[in-house]
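Quick setup: one chain, the form predicted alone, written in structure tokens, and binding and motion questions come after.
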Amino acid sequence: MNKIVVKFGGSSLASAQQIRKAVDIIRANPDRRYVVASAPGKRSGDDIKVTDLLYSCCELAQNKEDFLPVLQKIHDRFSDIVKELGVDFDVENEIAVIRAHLEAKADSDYMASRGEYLNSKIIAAYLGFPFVDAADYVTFYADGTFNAQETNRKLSAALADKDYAVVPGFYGALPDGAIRTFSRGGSDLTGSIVALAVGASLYENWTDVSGMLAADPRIVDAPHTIEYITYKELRELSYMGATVLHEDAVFPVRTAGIPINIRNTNAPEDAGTMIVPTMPDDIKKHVVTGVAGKKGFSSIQIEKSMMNAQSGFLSKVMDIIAANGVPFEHCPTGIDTISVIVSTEAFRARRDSILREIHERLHPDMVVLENGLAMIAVVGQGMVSYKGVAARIFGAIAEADINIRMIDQGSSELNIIIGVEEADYEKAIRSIYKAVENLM
């Protein structure tokens, strides 16, 4: 029998009505045997996610302020779900445990994890599946980084004798047992971890969209849904802001070649997007997979005559940037110039220190700073063997009267990255999408 891991996001589990939809999806396929649940999300546009209520509750407790009204809201959310589902679950006792923790030690990771914990226990009771607490098996090192090898060993053993299980997403535990959470959206990563542990044939990630779009629908009118995308392409697009899936979620399943299917809980008939190691032979190959981008970048342009003849010049630049705790995003170079693209937010606090070290250690002829940049990535494995993609892109940008500030193409030719002024960002995205749409 195949094993399918299903992860449901917060919007898919925001209410009893949504949970029933998720359970109908699970029961529609007997291979869907392992469930990873998120905390209840928003029920409407002006609602508040349970995780945000939990963070707020913790902050109030840490500041010695009255947290009980917010805790009552959390109680009411889960009480309503339990009542409407008709499950036997003691909300009062669970909330009392959380209150005791807040009064003794208001720990933000513990509090943030309680949404997934309680929702998973309720869903397990409703399904009649065993509840497997992630805190017992998802392991972090003492420094807070994820211990993938130990987690897979422990979780594989724990699930080996269970044909069905519900596992809360988003958190695990440190060696001393203290709760540790992933970054927001980390339930996606938990789903991937569980898929690896059980040797799943498929990891279905159920959310509120019918797959991944080829461009941001807030910028491009009705972009098409990507039917198939490789792990590598997804990483490139996610890095540039396409956020349908947590950017680290591909790593556990990639080692085992397990595909991920992004599906819509509210439209389960839609096929969604398949994320795969390599494109199947029977699928039409696309030249371009998607276009994505984001604002908020700065450029540090360093000019020095005969720079190319100085051994270690580039490594010294990178050492200065790294020593100041600023990650670099891109680094296009010329014979006598080097440009380092960094996050404006990260660079702002260390600006003076970085510039001082550049002048002291490198003695440049000139250093030019440019803020207000946006980066746009055109991604597609087919670009390596198709002539004229770059010409289309640059021609479209020129026709739109947009000035290109930077061009960077990776050695794999998987993507072309273009820097433009933030004021031109949306227009550039639309122009590029129109130029390559028939290659998608």
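All of these numbers come straight from a predicted model, not from anything done at the bench. Residues carry their position along the shown sequence, with the first being 1.
Another form, the form predicted together with a small molecule, is not on view; read the next lines as being about it.
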Legend entry - Heavy atom within 4.5 Å of the small molecule in the predicted complex - the one residue of Arg184, His224, Arg356, Lys295 that qualifies: Arg184
Legend entry - Contact flag, Glu116 vs the small molecule in the predicted complex, heavy atom cut 4.5 Å: yes
Legend entry - Any non-hydrogen atom of Thr51 within 4.5 angstroms of the small molecule in the predicted complex: yes
Legend entry - Val378, heavy atom within 4.5 angstroms of the small molecule in the predicted complex: no
Inset, instruction - Using a 4.5 Å heavy atom cut-off, state whether Tyr203 contacts the small molecule in the predicted complex. - result: no
Legend entry - Heavy atom contact within 4.5 Å of the small molecule in the predicted complex, the stretch among 384-392, 64-72, 369-377, 33-41: 33-41
